[in-house]
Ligand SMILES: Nc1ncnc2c1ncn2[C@@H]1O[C@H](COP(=O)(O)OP(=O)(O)OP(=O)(O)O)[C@@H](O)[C@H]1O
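Given as structure tokens, the chain that follows is alone and in the form predicted on its own.
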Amino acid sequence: MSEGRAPERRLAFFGGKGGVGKTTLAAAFATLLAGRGEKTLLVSTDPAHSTGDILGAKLSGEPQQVEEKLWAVEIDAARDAEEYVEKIKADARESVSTEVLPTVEQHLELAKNSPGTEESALFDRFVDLISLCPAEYDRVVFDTAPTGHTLRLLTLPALLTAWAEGVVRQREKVAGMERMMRNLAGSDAPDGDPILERLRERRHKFHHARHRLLEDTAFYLVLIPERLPIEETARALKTLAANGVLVETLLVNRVFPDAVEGDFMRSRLEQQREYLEEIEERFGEKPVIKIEQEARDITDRAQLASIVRQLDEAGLA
């Protein structure tokens, strides 16, 4: 994979341990890009869905404009899973015998609420949104779920591409046998196979998604100067590197400013310095940007401006 820099990569993912400030930094980065004149889509895949709160907008499952050059969308995995299962049911009605169909539909209904179904639906939505760039948007910024879920999502294309190839080959064999039997029986039934068509479509989508993740994606890992986020970042870096995903920069959030008072705060600051030194030592091959802790929680767009300014001054692009 080419070691391109972020300006060459139109997809940006913000990931990290839960609670480290991914949503704030993703929203700030998307706002920064929009402010520079790039038509930007901010996508929240985090079930917490706090993106709308920060932007001061009521978001839905479809992109909506929140300011000039900036659109945002919050994916509802449960709703998408329901639509996903309904599509499979529609395919089954066209290709499965009436005797078997009730059993198939019963199994699909049970699968609707399973975590695996939601993850598959989320991945399909994720691929569809990627395809909007660069046709409709110059950049797409993903605010992702906590690290483990995000890593599964990003490694799915490689696994599913191989899986889809095998399933398509098996279905092609079955379809060929079905055509032969129809010919022998003198049937003039149409040759169309909606299941095979859907499998081929999904194979193409998986292949395209894998290409975009390898060649057009920059991953920004967010952490805070504490022990558990540091260890999770180390594991995430190994997994992402093993799957060929470029980690562009580490963003160390909530860094206390040096001017603090009191024994407690001085002790916290000293521990923070130790962790910051460890981050530089362990992850020194990656650029590291420190984001200063604000006096109050970031809860609206006015407060977000301070984070946007820090990212801009750091040269994030």
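Residue positions are given as counts along the sequence shown, with the first one as 1. On a predicted model such as this, the values are computed, not experimentally measured, just so you know.
Here the subject shifts to the form predicted in complex with the named molecule, a form of this protein not shown in this document.
> In the predicted complex, does residue 254 come within 4.5 Å of the named molecule, counting heavy atoms only?
Residue 254: yes, in contact with the named molecule in the predicted complex.
> I'd like to know whether residue 298 contacts the named molecule in the predicted complex, with contact meaning heavy atoms within 4.5 angstroms.
Contact check for residue 298: yes, within 4.5 Å of the named molecule in the predicted complex.
> Looking at the partner-bound form in the predicted complex, is residue 307 within 4.5 Å of the named molecule by any heavy atom?
It does: once the named molecule is placed as it appears in the predicted complex, residue 307 has a heavy atom within 4.5 Å of it.
> Does any part of residue 12 reach within 4.5 Å of the named molecule in the predicted complex? Heavy atoms only, please.
Close contact is absent here: in the predicted complex, residue 12 is far from the named molecule, nothing within 4.5 Å, heavy atoms only.
> Mind checking whether each of 19, 23 and 293 has a heavy atom within 4.5 Å of the named molecule in the predicted complex?
Looking in the predicted complex, the three residues 19, 23 and 293 all sit within 4.5 Å of the named molecule (heavy atoms).
> Picking from 277 to 285, 262 to 270, 35 to 43, 246 to 254, which part of the chain touches the named molecule in the predicted complex when contact means heavy atoms within 4.5 Å?
Selected range: 246 to 254.
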